[in-house]
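One chain comes next, on its own, written out as structure tokens in the form predicted on its own.
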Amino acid sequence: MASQITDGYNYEGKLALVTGSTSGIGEYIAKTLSELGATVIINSSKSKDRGEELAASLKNASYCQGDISDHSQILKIVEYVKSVGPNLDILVNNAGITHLISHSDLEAANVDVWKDIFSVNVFGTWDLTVGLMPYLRASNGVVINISSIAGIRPTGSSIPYSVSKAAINQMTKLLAKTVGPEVRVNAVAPGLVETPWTKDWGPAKDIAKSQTPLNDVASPKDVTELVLGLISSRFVTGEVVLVDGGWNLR
């Protein structure tokens, strides 16, 4: 007789850092981890008041301001994690930026735009993950990178943004190959998600809904459910999992 299957992950006593977590997907993930019993570190580059307010509203949560595009601030984030830790069980790399630029407007997607987007989405994600790796190794931790369908399909808010997410996908696979068995690394790649970031994207949402077999866009809850699944799935690493309502099929 088969034993009952459970998610097998006990969040009580675990320490989680969620970057870019004062709104949208990151906020929902942070709130859910807190509700499940984890100690959560909220992070943002700005929005300090909102971050402190959110942390105060949650059980066992605190706020650490830090811009992951700045190496000196990453060092401060790492020191903060150590002060709460001493080890880290869950790292959710959610912080990211974009520029809304038509793919046909090549001149607008200039090198400064590429540098700005990559400084957060790629370089910052790498720098923070490497800085925290000793503490993740010590706890057999898990890293979840928030990517995008734009890193898989030729779509997205701009070409530089899409390429940055493709880089995150490859980074996920190479890190998983390198840091196992101590640490698992996976990525979640949403399609269009209903967040404050996309609140003014009416036409884009209409297109997304018409293109997906499920005729809808994702919510932060949809993304969070997949994040939790990857946190608890002990034999999954190096995967980039879409949560796009089947958009990639069209």
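Residue numbers here begin at 1 and follow the sequence given. As the structure is a computational prediction, the values presented were derived from the model and not from experiment.
Below: the form predicted in complex with a small molecule, not depicted.
Looking at T172, you'd find every heavy atom of it more than 4.5 angstroms from the small molecule in the predicted bound form. Put simply, V120 is close to the small molecule in the predicted bound form: some heavy atom of it is within 4.5 Å. Shown alone here, A55 lies farther than 4.5 Å from the small molecule in the predicted bound form, counting heavy atoms only.
In the predicted bound form, none of the heavy atoms of N60 sits within 4.5 Å of a heavy atom of the small molecule.
Annotation: in the predicted bound form, residues T22, S47 and G191 each come within 4.5 Å of the small molecule through at least one heavy atom. Of the candidate stretches 78-86, 104-112, 133-141, 91-99, only 91-99 contains residues with a heavy atom within 4.5 Å of the small molecule in the predicted bound form. Here is the short version: of T224, T195, Q211, S34, the single residue with a heavy atom within 4.5 Å of the small molecule in the predicted bound form is T195. A heavy atom within 4.5 Å of the small molecule in the predicted bound form is found for exactly one of A187, A38, I41, I68: I68.
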